[in-house]
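Only one chain is shown below, in structure tokens, and it's the form predicted on its own.
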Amino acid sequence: MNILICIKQVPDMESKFKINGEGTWYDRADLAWRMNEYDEYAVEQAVRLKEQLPNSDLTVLCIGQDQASESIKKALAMGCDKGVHIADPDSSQREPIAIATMIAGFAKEELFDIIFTGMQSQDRGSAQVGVMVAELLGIPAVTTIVDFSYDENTGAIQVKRELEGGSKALVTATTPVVLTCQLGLNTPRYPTLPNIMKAKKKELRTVLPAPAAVDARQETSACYFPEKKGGGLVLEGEIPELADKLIQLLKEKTSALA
């Protein structure tokens, strides 16, 4: 089985963020970087499928600046076979359709059976790229999967999708298909030292992005931290006393009881 895993390198959410000079995104300087958490679940599921089907071939793809190759190396150390880095220094400025177009442009030549992606990225959080890739390739997509199984006899893929309110939907699909992975799908493994050393010998090729096939439809005009507001007031005491205090505050500070 030919499998593609799409990952993204994002800042560690514990980093101290600053707005860049243009005021349109975060400043990349002095940030720690990691593989997008949702994508770790996608990598783990692909590796588990390879353990079930040893003849499978796992390609991990990442779009971004030079340092994005570090996240690819982690995926290789987790068990992927080869990596592809689409070197795009402006990837953080691309809207989802542009990113999806790059991925689909690569994938359409390779005839992948399954494409795993994270449900969304931790920085943009659009949750659009996976389904757009499926649309551009003309294949089905199943999103927010929290359980996965593959039947070797029938070739059927059975997944559970997370829905609103804690409900789940059981979906059966066949290849080719795009699957976007939700947190909790599995427990991503930590790369062992021997596998980290093996990853250094695996293929990792860098390619340039194809010319944009779509015009930009949106741009970020401003990015800023939420304004700090006044602190809250905690009322203490018995319930009748609290009610009286609350009514008095509403009269003094709002027009609700005017």
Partner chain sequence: MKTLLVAEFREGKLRAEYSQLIAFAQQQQTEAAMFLVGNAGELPKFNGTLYLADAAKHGEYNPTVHRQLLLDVVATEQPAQIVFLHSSYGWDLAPRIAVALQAAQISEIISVDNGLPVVPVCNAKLRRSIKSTTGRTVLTIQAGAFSLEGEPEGAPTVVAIDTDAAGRVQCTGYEAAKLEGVDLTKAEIIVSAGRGVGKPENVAMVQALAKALGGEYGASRPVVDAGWVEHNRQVGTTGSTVTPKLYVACGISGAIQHLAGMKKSDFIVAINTDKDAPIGEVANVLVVADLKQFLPVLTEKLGAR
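For clarity, a rigid core is taken as the largest C-alpha set superposing within 1.5 Å between two forms. Predicted model only: the values in this text are computed from it and were never measured. Positions refer to the first chain, counted from 1.
Keep in mind that the form predicted together with the partner chain is not shown, yet the notes after this line are about it.
- Residue among Asp88, Asp81, Asp123, Asp113 with a heavy atom within 4.5 Å of the partner chain in the predicted bound form: Of the candidates Asp88, Asp81, Asp123, Asp113, Asp123 is the one lying within 4.5 Å of the partner chain in the predicted bound form.
- According to a 4.5 angstroms non-hydrogen atom cut-off, is Glu22 in contact with the partner chain in the predicted bound form? Glu22: no, not in contact with the partner chain in the predicted bound form.
- Query: Should Gly155 be counted as a contact of the partner chain in the predicted bound form, where contact means heavy atoms within 4.5 Å?
  - Reply: No - in the predicted bound form, heavy atoms of Gly155 and the partner chain never come within 4.5 Å of each other.
- Message: Against the partner chain in the predicted bound form, would Pro54 count as a contact residue? Criterion: heavy atoms within 4.5 Å.
- Response: Result no; Pro54 lies far from the partner chain in the predicted bound form.
- Message: At 4.5 Å between heavy atoms, is Thr220 in contact with the partner chain in the predicted bound form?
- Response: Thr220 belongs to the contact set for the partner chain.
- Query: If we check the partner chain in the predicted bound form, which of the residues in 172-209 reach within 4.5 angstroms of it by a non-hydrogen atom?
  - Reply: Counting only heavy atoms within 4.5 Å of the partner chain in the predicted bound form, the contacting residues of 172-209 are Thr172, Ala173, Gln182, Leu183, Gly184.
- Query: Does Gln248 count as moved between the shown form and the other one, where moved means a C-alpha shift of 2 angstroms or more after fitting the rigid core?
  - Reply: Yes, shifts by 2 Å or more.
- Message: Could you check, with the core superposed, whether the Cα atom of Gly23 shifts 2 Å or more between the shown form and the other one?
- Response: No; Gly23 is a residue whose C-alpha shifts by less than 2 Å between the shown form and the other one when the cores are overlaid.
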